[in-house]
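Presented below, as structure tokens, is a lone chain in the form predicted alone.
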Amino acid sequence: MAILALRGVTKAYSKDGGAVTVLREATLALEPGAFVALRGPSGAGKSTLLWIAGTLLAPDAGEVELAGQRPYALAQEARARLRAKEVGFVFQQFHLVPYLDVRENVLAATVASGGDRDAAEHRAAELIERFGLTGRTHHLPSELSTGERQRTALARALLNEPRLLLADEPTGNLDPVQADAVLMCLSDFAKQGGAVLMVTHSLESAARAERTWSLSEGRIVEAVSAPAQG
């Protein structure tokens, strides 16, 4: 069963008294183990598609299925619980809470899920160690390097052991070494049975995915194999 399925998803925004359609019957399915890069020009609707897939923005038409459930048929609180349990988000700008330290930012993911706090504390410690942040545990985001901020964001995304990672330009602010570490993490997540959908402008980042899809005029128009990595 697909972890994520979008069927005929359409979304329009109001602009200058009219409507601009950014997604037109977009359809995709992500099975366990999938690592897909989504490319397209600015304004093509890539981020909108991620928000809809992540249950943050309801489509105007079409169906979204996440982990066997239809999130937009759920009440808002139930949808938030499903999102906290099944989806991890990784953003180019990190979106860390500026007044929380590394540990607290990682643990912030457990608040919405209502999960076991003791278990969350244990997993947070494991992730902080895994991402080489042990010496930065009590540092604020402003005291971290760019790479450390992204690793903190990755740890937060993985805290609740989601089945889906949605990544919006996750390497956009990183140098090649830092970018490689992030892409390796995303690849490992997929190899362990999760699914990754990554928006990227970078050909190098897209080449690390299992497949590359293109979004043009609101539709996913092609699915091609990424070049093999040596």
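Keep in mind that what you see is a predicted model, and the values were worked out from it rather than measured. Residue positions are given as counts along the sequence shown, with the first one as 1.
The same protein also has a form predicted together with a small molecule, omitted here; what follows describes it.
Participant: Look at the stretches 47-55, 65-73, 158-166, 178-186 and give the one with heavy atoms within 4.5 Å of the small molecule in the model of the complex.
Facilitator: Every other range fails; the passing one is 47-55.
Participant: Answer for V22 alone: is it within 4.5 Å of the small molecule in the model of the complex, judged on heavy atom distances?
Facilitator: Judged by the heavy-atom cut-off of 4.5 Å, V22 is in contact with the small molecule in the model of the complex.
Participant: Under a 4.5 Å heavy atom criterion, is G43 part of the interface with the small molecule in the model of the complex?
Facilitator: Residue-level check for G43: yes, a contact with the small molecule.
Participant: Would S216 show up as a contact with the small molecule in the model of the complex if we use heavy atoms at 4.5 Å?
Facilitator: No, no contact at 4.5 Å.
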